[in-house]
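Heads up, the chain below is alone and in the form predicted on its own; it's given as structure tokens.
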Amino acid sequence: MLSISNLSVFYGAIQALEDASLTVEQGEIVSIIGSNGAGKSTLLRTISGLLRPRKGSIEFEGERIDGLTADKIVAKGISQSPEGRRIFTNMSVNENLLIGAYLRHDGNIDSDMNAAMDRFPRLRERIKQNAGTLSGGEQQMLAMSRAMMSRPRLLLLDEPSMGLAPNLVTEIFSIITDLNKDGTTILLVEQNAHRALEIANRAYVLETGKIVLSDTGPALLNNPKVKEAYLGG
């Protein structure tokens, strides 16, 4: 579904990604783990069209997308729930969800909004509230639901557990696996390496802009180097 080859991305003179290559097959959960500053968010932002690579290519379902604008990439079937949620705090929960469906012209938007609120009942309770009044966990639920409103075939999740209480982390990861079972392919960037590897079909380890390891999720969970660096020994 997604093929990234020899991707190099810079911020000015600073290189954030160097010759990164990875694939995501349809129906998979693929996790990317790594420390702060490793280039994980840069990778997702480049896939989404928010950054331009200096070198390399990104193909989605066999078509080059690395020259497309972000809105055209969403229209192709890729949506991102960004790091830090990035919801529209002065708009209602309802308006945030509708923005996620902005490019759609079908008649199923209401049913998808109901599905989002069935998935996260707290959003239904707060549908008319300004999004800025939600708790951190509720804002994460909204960010994920907004991303799903475009009906993506590939969902990019950037640090969905960041800053959340343990019980909410469990809930978020349960929803991620449910979304995948319902047919959405997922590329997950996550600092909670243990959780990310637990649910991954395959995973990559990113260090200072380079992919240094790749394997199945269970294999990386048991890899001594990964255990020492990311799983607390």
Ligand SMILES: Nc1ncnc2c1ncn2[C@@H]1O[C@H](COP(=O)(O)OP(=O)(O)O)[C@@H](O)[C@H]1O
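Residue positions are given as counts along the sequence shown, with the first one as 1. Not measured: the values here are computed from a predicted model.
FYI, the form predicted together with the named molecule isn't displayed, but the following is about it.
- Shown without its partner, this chain lists 187, 197, 205, 38 as candidates; in the predicted bound form, only 38 has a non-hydrogen atom within 4.5 angstroms of the named molecule.
- Against the named molecule in the predicted bound form, the set 16, 42 and 83 is in full contact: each member has a heavy atom within 4.5 Å.
- The partner is not drawn, yet in the predicted bound form one stretch among 64 to 72, 29 to 37, 169 to 177, 197 to 205 has residues with heavy atoms inside 4.5 Å of the named molecule: 29 to 37.
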